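Just the one chain here, laid out as structure tokens, in the form predicted alone.
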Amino acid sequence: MLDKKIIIALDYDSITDVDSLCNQINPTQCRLKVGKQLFTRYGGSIIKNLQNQDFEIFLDLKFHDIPTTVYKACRAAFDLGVWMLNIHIQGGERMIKAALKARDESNPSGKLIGVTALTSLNNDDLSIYNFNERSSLVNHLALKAYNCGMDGIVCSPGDISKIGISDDDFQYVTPGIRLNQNKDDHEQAFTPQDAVKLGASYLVLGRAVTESDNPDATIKSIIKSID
């Protein structure tokens, strides 16, 4: 059973909407993702508010800057006690190691994962990186993350089979999960069942849960479907 493998993306503008959802779901069954939208508006207080409700937080800020700046930003984020944080692998090895140093000094049990290629990008978008196809770039960045000692990567479920890493401890956090085939902003969409079969460690869902008439029942149904 993929217990607590569900991550709900809080793509809201209002703390009122966040609290409304949290009152309808169970922190023993899912984790929450706070991104730039909420964090820019509410800062660290939104993290503490959710932690006080017993939710574990994936802070999705995708840091990408010079190593010193990323070290300080990651240190501040891990000082908040977040369960997971991400950075862009494209920042390079020195930046990755600076982020890992911040994690190890502040919150050694926290997870640091790397963003490969955004799930909205197609092969044409990726041409600026001098790679002919998405899978080549994703594999290149995933190997860099793994060799540097990161806990895993953010990628599309469709990328996993093309990544040459044989390590069950290396984790795949997969956005673009839908209960139907509506892709929205993503280049491809996958159902929870599809994603798990492809090797996903964590499933990130947004509107499928946040716009549901019964979010708790939707989460339970997803967990049951991937058990």
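Residue numbers here begin at 1 and follow the sequence given. Values in this document were obtained by computation on a predicted structure and should not be read as measured data.
The following text describes the form predicted in complex with a small molecule, which does not appear among the structures shown.
Stretch-level contact analysis of 40-48, 161-169, 57-65, 191-199 against the small molecule in the predicted bound form, using heavy atoms and a 4.5 Å limit, identifies 57-65. The three residues K4, P27 and I223 each lack any heavy atom within 4.5 Å of the small molecule in the predicted bound form.
Contact check for D11: a heavy atom falls within 4.5 Å of the small molecule in the predicted bound form. Contact between V18 and the small molecule in the predicted bound form is not found at the 4.5 Å heavy atom cutoff. Of the heavy atoms in T119, some are within 4.5 Å of the small molecule in the predicted bound form.
Proximity of I219 to the small molecule in the predicted bound form: non-hydrogen atoms within 4.5 Å are absent; the residue sits far from the partner.
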